[in-house]
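Single chain ahead, by itself, as structure tokens, in the form predicted alone.
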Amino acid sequence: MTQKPRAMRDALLERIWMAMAHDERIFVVTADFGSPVLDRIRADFPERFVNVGIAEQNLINVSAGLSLEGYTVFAYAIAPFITMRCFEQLRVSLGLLSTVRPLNVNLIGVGAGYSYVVSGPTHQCYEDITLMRSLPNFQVLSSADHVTAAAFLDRCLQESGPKYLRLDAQPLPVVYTPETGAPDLARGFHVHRRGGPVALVATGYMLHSALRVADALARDGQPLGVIDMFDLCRFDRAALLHELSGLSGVVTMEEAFRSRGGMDALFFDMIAREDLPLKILNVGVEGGYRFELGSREELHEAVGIGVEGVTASVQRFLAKVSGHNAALADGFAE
């Protein structure tokens, strides 16, 4: 049976609500940000729910204190505010403190990338991958559908330490079905397609764009691999390197600023350190902040991450990779 898309936050919060019934260590803190499922948590577990108001710095400090008292804390707010407005508190109260004290604080940031499309750059979030990956003790988990978002609860309950769960604000098509299998959290990525000399490696919303780009090029006889990178810190490095072996190129795709320390930096570093013979094309938001209104697809095309623009960029990249491979072959022949 086909699963209907759900809001990521509702799928995750519903699992938290169910877990709270038998785990008295779970505590939920919000910065005046709600949802129908959160109302249920507040009604059923009032002694383990706090709304600190529009005060994200306090949200982090309260969450850290609760965790030091033994709670597994879920802190819930809009993505740009839970990452940028309180970055010093994240660094000191969670990043630094978790080096010397055991704590388990899980940040639920709703509104990755352009998902708050009509709210403009104040509510959109293109910097969070860079910022949160810069904190050494943090895990960064980025979901492409509600199935993945709900599965993140297992990691949150099983592993201590601070974590950032990067969720889209909109219900997205389901990519993890009984046919594909559930996302393997221990592996940190999922291979949706294999084939061709190049793989598209995407995170969050951009996985859906990657699948559309791969469909378009497959119709032209140019198959591509597609990989969902949902763990941006603790993925199985050896397994990912195995998947990349034999490829000629990698295209990273993220709804974040290009060449500013996001997921593309992860791959540039890994390819350089492993001395892999791979070319890389990094697809991300071009330029700076923009105030135009439009649909998400229109905004994506304007900043260089739309399906049409990326398809053209990948076609040029494939030609470059093919030319490079031909030159190598000629060199070996000589």
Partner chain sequence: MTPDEADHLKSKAHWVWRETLAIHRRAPETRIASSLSPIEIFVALYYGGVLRFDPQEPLADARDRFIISKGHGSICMYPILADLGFFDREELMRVCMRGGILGGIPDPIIPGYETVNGSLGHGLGVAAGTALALARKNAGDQQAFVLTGDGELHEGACWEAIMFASHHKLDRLNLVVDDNRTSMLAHTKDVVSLGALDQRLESFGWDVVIVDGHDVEATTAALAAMKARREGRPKALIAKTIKGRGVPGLENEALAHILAPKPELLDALMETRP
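Note that this is a predicted model, so its numbers are computed, not measured. Positions refer to the first chain, counted from 1.
Beyond what is shown, the protein has a form predicted together with its partner chain; the following relates to that form.
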**Asked** Any of the heavy atoms of Gln89 lying within 4.5 Å of its partner chain in the predicted bound form?
**Response** yes
**Prompt:** Does its partner chain come within 4.5 Å of any heavy atom of Arg25 in the predicted bound form?
**Reply:** yes
**Item:** Contact test in the predicted bound form: Met270 vs its partner chain, heavy atoms, 4.5 Å
**Value:** no
**Request:** Would you check, heavy atoms only and a 4.5 Å threshold, whether Glu292 touches its partner chain in the predicted bound form?
**Result:** no
**Message:** Does its partner chain, in the predicted bound form, lie within 4.5 angstroms of each residue among Phe49, Asn58 and Arg101, using heavy atoms as the measure?
**Reply:** yes
**Request:** Go through Leu281, Leu299, Ala265, Val62 and name the one with a heavy atom inside 4.5 Å of its partner chain in the predicted bound form.
**Result:** Val62
**Asked** Just one of Glu286, Asp32, Glu69, Asp39 has a heavy atom within 4.5 Å of its partner chain in the predicted bound form. Which one?
**Response** Glu69
**Asked** Which one of these stretches, 245 to 253, 136 to 144, 158 to 166, 89 to 97, sits within 4.5 Å of its partner chain in the predicted bound form when only heavy atoms are counted?
**Response** 89 to 97
